[in-house]
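Given as structure tokens, the chain that follows is alone and in the form predicted alone.
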């Protein structure tokens, strides 16, 4: 690149020249019009610019949603929540844990007592200063015998939480947990202001945006917080979150410019999006996985051989090829992904084997089996097609799967954890303990199979406090094997996060801890040309 072009590039990045000025100068320097246009687009996207109304189409959301963080079920409210609220800690785009409203923390040698120093001078959207009292009440919002919070499985580990001055809280755990600071990034554990001695869950936070209006299951609009404390975050003037569950409608909205970005692309037609020069396809390998949970306290799923037969009766490689179009990898009937630190890479991969499926059916006392499987694309894009393919695979083992197509609206409230066998997706979690505690421990609120394995639960507690890395790895490997061989979940595939963005939208390195840049798209992204 010539010195003149380098100089022009610096000016574009700093916003000192317009597109027209750049084009004229670049063409004069010998660059073709087409090349100059491409260069400008790339350079302009590289530098964040403030302003604009960003519209994000999300394939989730329900009329039964609430702004109260303890009720968050899916990516829609989780994304809205991350725009409005802040958390004590944050997993950054590199996967590292950093402080958000907690500046720093110390932990006792037995990993039981955690002391968090809070960031001073932070204000809620209503002008109230964030204090230790707010942090304590925000955590207690999820505690207690009457709590219905989905984070109850996390906060149940807390023996005591108290303020130590205006900017310090001390959390004492019932048992050691070396990963506890990670758990405070959970999307339920938002920091809220205190009102009448309790956390005010009406939607007042310290996040980059202020809640303007929300029509549950349809749209939510947030506006820029003028007092946001983070530099380099919260670029848009306003953000609109649109619940568009139908992936064809979501795709059409992006193609026609009605929205600027969408999540959960339809992988069957992603090649068409890839041809659109105005769009960028972003595929992130993370911890997301698709599951087919059985309620193991209901027949016939209470028989481990029936569960094992169903696990051998699904062709995972074929599903990755046909449903994910290669944007993922085969699962192994446990929730820990290759992106996790203690992934059991030596655990034998379960593969499609109709003969083994028949063997386990026979052990269970069945020559054939007929079962209902509830599904809807609300679970994940392609869930219905996956169920149909599973039915075809299982037929070779003498298993007749009756595919029951459920309504998308209300799927998470009326089908998941209600019907004996259904589809689900999980974003996964940055730590093994977090994922297992949330959905596999005996008393977890989201234990969507009702599976209670004494050895697994014993290991969960032991591994949590174990500081020896080698011993910890062995424990988590055994727990993954227990899930695979005894658990109630068929886990056929790890799925990449696949989103599509207008090239008008800029972003940095994207986080892989959750979808949509760690649920922080509204906070981290920007318009190249506002």
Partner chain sequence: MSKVVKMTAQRLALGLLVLWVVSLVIFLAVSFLPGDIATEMLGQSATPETVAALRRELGLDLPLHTRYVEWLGGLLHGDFGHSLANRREISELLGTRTLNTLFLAGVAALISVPLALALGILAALYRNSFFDRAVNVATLSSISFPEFFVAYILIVIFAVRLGWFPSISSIGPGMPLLDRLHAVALPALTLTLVVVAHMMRMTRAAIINLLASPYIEMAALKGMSRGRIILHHALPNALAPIINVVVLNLAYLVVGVVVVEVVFVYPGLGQLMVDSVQKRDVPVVQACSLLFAATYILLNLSADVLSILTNPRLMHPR
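Keep in mind that this is a model prediction, so the values were computed, not measured. Numbering follows the first chain given and starts at 1.
Below, we refer to the form predicted in complex with the partner chain, which is not included among the displayed structures.
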| item | value |
| --- | --- |
| Partner contact for residue 410 in the model of the complex: the partner chain, 4.5 angstroms, heavy atom | yes |
| Proximity of residue 146 to the partner chain in the model of the complex, heavy atoms at 4.5 Å | yes |
| Partner contact for residue 446 in the model of the complex: the partner chain, 4.5 angstroms, heavy atom | yes |
| 4.5 Å heavy atom contact, residue 390 and the partner chain in the model of the complex | no |
| Answer option from 248, 272, 299, 395, heavy atom within 4.5 Å of the partner chain in the model of the complex | 248 |
| Option touching the partner chain, based on a heavy atom within 4.5 Å in the model of the complex, out of 171, 243, 84, 122 | 243 |
| Listed range touching the partner chain, judged in the model of the complex by heavy atoms within 4.5 Å, from 369 to 377, 344 to 352, 248 to 256, 226 to 234 | 248 to 256 |
| Triple contact flag 63, 66 and 216 to the partner chain in the model of the complex, non-hydrogen atom at 4.5 angstroms | yes |
